[in-house]
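In the form predicted alone, a lone chain appears below as structure tokens.
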Amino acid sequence: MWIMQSEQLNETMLLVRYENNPILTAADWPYPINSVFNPGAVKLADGTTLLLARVEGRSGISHLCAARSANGIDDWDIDSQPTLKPDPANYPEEIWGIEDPRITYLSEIERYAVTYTAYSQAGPGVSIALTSDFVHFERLGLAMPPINKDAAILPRKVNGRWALIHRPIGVPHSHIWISFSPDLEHWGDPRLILHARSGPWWDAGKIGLSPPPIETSEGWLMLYHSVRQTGSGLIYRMGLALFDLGCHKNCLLRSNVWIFGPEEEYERRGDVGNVVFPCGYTLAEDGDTIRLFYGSADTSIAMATGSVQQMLTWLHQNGQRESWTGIV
């Protein structure tokens, strides 16, 4: 990973797109689909990169499907059938599909927690499933009822409780919250931790968690997205925030400008144009080099690389302390 030598880091240099993007499209799938995007990601014990992608079938209903690669870039081995399908007979909240997974390894129970959007007739809610092999899954059901999404579980307990970051839908603003659980099934004690700004800001109106937060020596580094309404439609971009390791209401820094937005043709044109939407990342053995996997235009999967330390350095140079004291 190259190192920036100048004193000031430019936000456009924090994430570098893979030159052969997109890395996965509907044409790669072993069965007929409409599109593939918004994958959760994890590096398995044997070094294999696994993407658990949202796959939209030609019916319009989404399911999840795993793709595995030895180098995390190409030669993907894709499951021949859906890996995790909606099960509305037993989980009626999944009647309109399951979407946008985030993956966290919970070392205390030696299982992966997959948080995903369960799309019910009442709207999207947050569901959780546990797995050790991405073949067999134990559904825990709804953790957050509609309307709520963009969720991930922190990899270790905070003050003796599991922590779930999520985004309830509000009017006129939608903010990022955190809730807590003793057992991964019963959630409560909700707290707002990052607010959507007002006015012309890039992150005004609606924000949400992108991939699971990254634990660093300085705190939890959050990559979050904004959904901005413009005269020509919505545009999705990404910024940074840093929280103390207790991850309560204390946001240490947040970016004043976005660091990653749709620029390339595959990000600007698709089923939903002007969207970059990361749900997963992997870290290299150096603990710093990050590969960010993201949905592009709700149509394909792309990848960008960066440095966690450079993101932290940039945030110190370009961020401000969160001072909003609205809903608590």
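The model shown is predicted, which means the values in this text are computed figures rather than measured ones. A residue's number is simply how far along the shown sequence it sits, counting from 1.
This next part talks about the form predicted together with beta-D-mannopyranose, which is not shown.
Contact check for V275: a non-hydrogen atom falls within 4.5 Å of beta-D-mannopyranose in the predicted complex. Within 4.5 Å of some heavy atom of beta-D-mannopyranose in the predicted complex lies at least one heavy atom of F37. beta-D-mannopyranose in the predicted complex is approached by K149, whose closest heavy atom lies within 4.5 angstroms of it. Contact annotation: D203 falls outside 4.5 Å of beta-D-mannopyranose in the predicted complex, judged by heavy atom distances.
Only one of the listed residues (W162, Y236, Y224, Y116) places a non-hydrogen atom within 4.5 angstroms of beta-D-mannopyranose in the predicted complex, and that residue is Y236. Stretch 98-106 is the contacting one of 209-217, 98-106, 133-141, 172-180, since its residues have non-hydrogen atoms within 4.5 Å of beta-D-mannopyranose in the predicted complex. If you take 48-72 and check each residue for a heavy atom within 4.5 Å of beta-D-mannopyranose in the predicted complex, you get just R54.
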